[in-house]
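Below, in structure tokens: the form predicted on its own, a single chain.
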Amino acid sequence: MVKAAQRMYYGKALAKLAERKEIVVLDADLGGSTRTSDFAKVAPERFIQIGIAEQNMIGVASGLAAAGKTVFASTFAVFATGRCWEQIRQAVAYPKLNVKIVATHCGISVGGDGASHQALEDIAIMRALPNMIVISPADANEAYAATMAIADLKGPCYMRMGRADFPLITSEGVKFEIGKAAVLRNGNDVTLIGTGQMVMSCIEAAGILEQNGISAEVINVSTIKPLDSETILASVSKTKCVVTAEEHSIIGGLGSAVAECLSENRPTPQIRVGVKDSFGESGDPGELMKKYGLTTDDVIKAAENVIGKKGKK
């Protein structure tokens, strides 16, 4: 199975976007890791290395955006969303400026860097901001397509990406539509909704469940805000139960967004696969995914359990 890192394809997309003179890229001393360095190589005059001053980076980004530029600002997710939250709220989201905050090293699969660098709450805190689009691509091809799409979007956006190589689920040149979920597999017994690298776990789980006589529908939710409620509600109207899977806390992320949608429109049994209200730790990425309940087996168990809840009151 072919694997690739989302951040590498983000860098490729930025290099392509360098053809557009209104694009400016900022980085907080992590260009080699975030791959903004790819843009710097082809358009050094529009690349600004801010240094380890993330709050200032957002201030500079907002000023450039107010002057008519389309600005991409990148660093690790724990810094992009945690250290800079007030600046993002006041200087980007509130005035609805054209700043794209693209963060890498999200989730537990960061591995050895440990809890201090494993962003497990970034979706929650960015989803709460008015005017903010929140995107979590399923693989590297989708990360490339999403980068090109948000460059055309007028207004703030947050996009999260992992550190490690993920299996490629989508094809090169995949179309990315902001706010639209993709049904990857049709099914009738349970809906599996994934985001980020957990989409692959949902696909694998659906294949194993099929061998056990369970028909699972798989949905890739790459845009968490705005949520594609129409696609989700259409699926659960058939299956009558749902599992959400994310490399993020179960509090405030994809699972919470889906639960909010269902509770207001179609109350449905749901189990959330994600990190259970805890920080991470240092370790091998695969072992951490297993310890924190983020594997294909965990999705399968959740699917079997939620099917048993159908019809119960």
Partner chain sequence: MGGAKGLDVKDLRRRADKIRMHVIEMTSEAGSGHPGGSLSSADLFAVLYFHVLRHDPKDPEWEGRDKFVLSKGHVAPVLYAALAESGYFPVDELLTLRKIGSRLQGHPVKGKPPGVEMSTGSLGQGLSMSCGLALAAKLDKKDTRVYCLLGDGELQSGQNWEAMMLASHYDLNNLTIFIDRNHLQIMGSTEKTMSIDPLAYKLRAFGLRVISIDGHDIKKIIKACEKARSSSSPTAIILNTVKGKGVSFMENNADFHGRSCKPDEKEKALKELTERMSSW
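Residue numbers count along the first chain shown, from 1. Just so it is clear, the model here is predicted, and its values are computed rather than measured.
This next part talks about the form predicted in complex with the partner chain, which is not shown.
Interface membership of Ala91, defined by any non-hydrogen atom within 4.5 Å of the partner chain in the model of the complex, is confirmed. By the criterion of a heavy atom within 4.5 Å, Gln55 is counted among the residues contacting the partner chain in the model of the complex.
Although the partner is absent here, Val60 sits close enough that one of its heavy atoms falls within 4.5 Å of the partner chain in the model of the complex.
Using a 4.5 angstroms threshold between heavy atoms, Leu97 counts as touching the partner chain in the model of the complex. Only one segment in the set 282-290, 39-47, 268-276, 246-254 has residues whose heavy atoms sit within 4.5 Å of the partner chain in the model of the complex; it is 39-47. Interface residues of 109-132, taken as those with a heavy atom within 4.5 Å of the partner chain in the model of the complex (partner not displayed), are absent.
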